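Shown here is one chain on its own, the form predicted on its own, set out as structure tokens.
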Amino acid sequence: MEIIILGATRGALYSVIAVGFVLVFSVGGILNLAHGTYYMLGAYMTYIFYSLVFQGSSTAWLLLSIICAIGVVALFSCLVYSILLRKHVESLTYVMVMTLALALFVSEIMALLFGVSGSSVPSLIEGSASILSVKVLNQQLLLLPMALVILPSLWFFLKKTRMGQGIDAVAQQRDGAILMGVNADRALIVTYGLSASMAATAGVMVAPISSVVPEMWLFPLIKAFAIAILGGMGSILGAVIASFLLGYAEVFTCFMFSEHLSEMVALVLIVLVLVFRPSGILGKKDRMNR
């Protein structure tokens, strides 16, 4: 029962992280190595707003800090795209090198400003709950409704709104979408901001559970990369399925063997999928599954 519950919460967290990573690759072919940076900034910005700006001591102030944190990260990501990536977005090498450099730079800035010992953020709901004799932190349980709200909302946005349909059209066939009057550049910057917002939201939700440290950007990047490969690069549905597969695989490994081995599961999956099924679960043999 512990494996079922903890695997579900971990899979929910991974799905929000990975879907944002896959979405921006599907639409613009951007392999964003700074995706984990937005996760880290979501956590740090929540700490900054709550502890330093508002100096709050209530759940209302924490909620306001979370909203401000996600908004700041989204705005920052749009500036990054506009200033650093837009002119060279077609170059995969340039994008990878620039986003990796950005991740390392921001990590060093955070270490300089806040140190490496870690900062803390309070939980939205303190305490823990017992589910079928399994004790789980309330903050951890919030990861499930987070995913259940974000993922269907993303589907509705992409399928039912004008902007979302434009983004979906660019993902399916960029040239055809442009001929139909879709502004591909605007669709991509919105997608990039949306992807960063999802990463930031995941970081905000994890911040009370784990310490907020500069190196935390690497964890979501490795997970998102492994999930994208396992699910099929460009497949959002594949990313959701792979997120829960990875979550359960890690929790199972942790219970059956050791916690240290569970951290290697994502790396092992990357190697196995690339060797035996490079297209992933729902991917195609071309560059991306649209």
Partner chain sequence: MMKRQVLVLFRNESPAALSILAAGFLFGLMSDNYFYIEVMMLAAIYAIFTMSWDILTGYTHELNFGFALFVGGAGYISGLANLHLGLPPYLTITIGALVTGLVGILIGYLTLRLKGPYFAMVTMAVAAILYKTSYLLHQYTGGEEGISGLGNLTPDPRYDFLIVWGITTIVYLLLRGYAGSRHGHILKAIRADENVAQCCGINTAYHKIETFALSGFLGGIGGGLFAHTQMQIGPTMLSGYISVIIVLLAIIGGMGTIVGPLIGAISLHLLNDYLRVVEGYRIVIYSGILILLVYLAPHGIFNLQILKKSKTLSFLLLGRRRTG
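Numbering follows the first chain given and starts at 1. Bear in mind that the values here come from a model prediction, so they are computed numbers and not experimental data.
Keep in mind that the form predicted together with its partner chain is not shown, yet the notes after this line are about it.
The candidate stretches are 109 to 117, 139 to 147, 177 to 185, 162 to 170, and the one lying within 4.5 Å of its partner chain in the predicted bound form by heavy atoms is 109 to 117.
Put simply, Leu261 is close to its partner chain in the predicted bound form: some heavy atom of it is within 4.5 Å. Its partner chain in the predicted bound form comes within 4.5 Å of no heavy atom belonging to Ile209. In the predicted bound form, its partner chain lies farther than 4.5 Å from every heavy atom of Ile66. Although the partner is absent here, Val251 lies well away from its partner chain in the predicted bound form, with no heavy atom inside 4.5 Å.
Across the proposed site, Ile48, Val53 and Gln55 without exception lack any heavy atom within 4.5 Å of its partner chain in the predicted bound form. Heavy atoms closer than or equal to 4.5 Å to its partner chain in the predicted bound form belong, across 217 to 244, to the residues Phe225, Ile229, Met233, ordered by sequence position.
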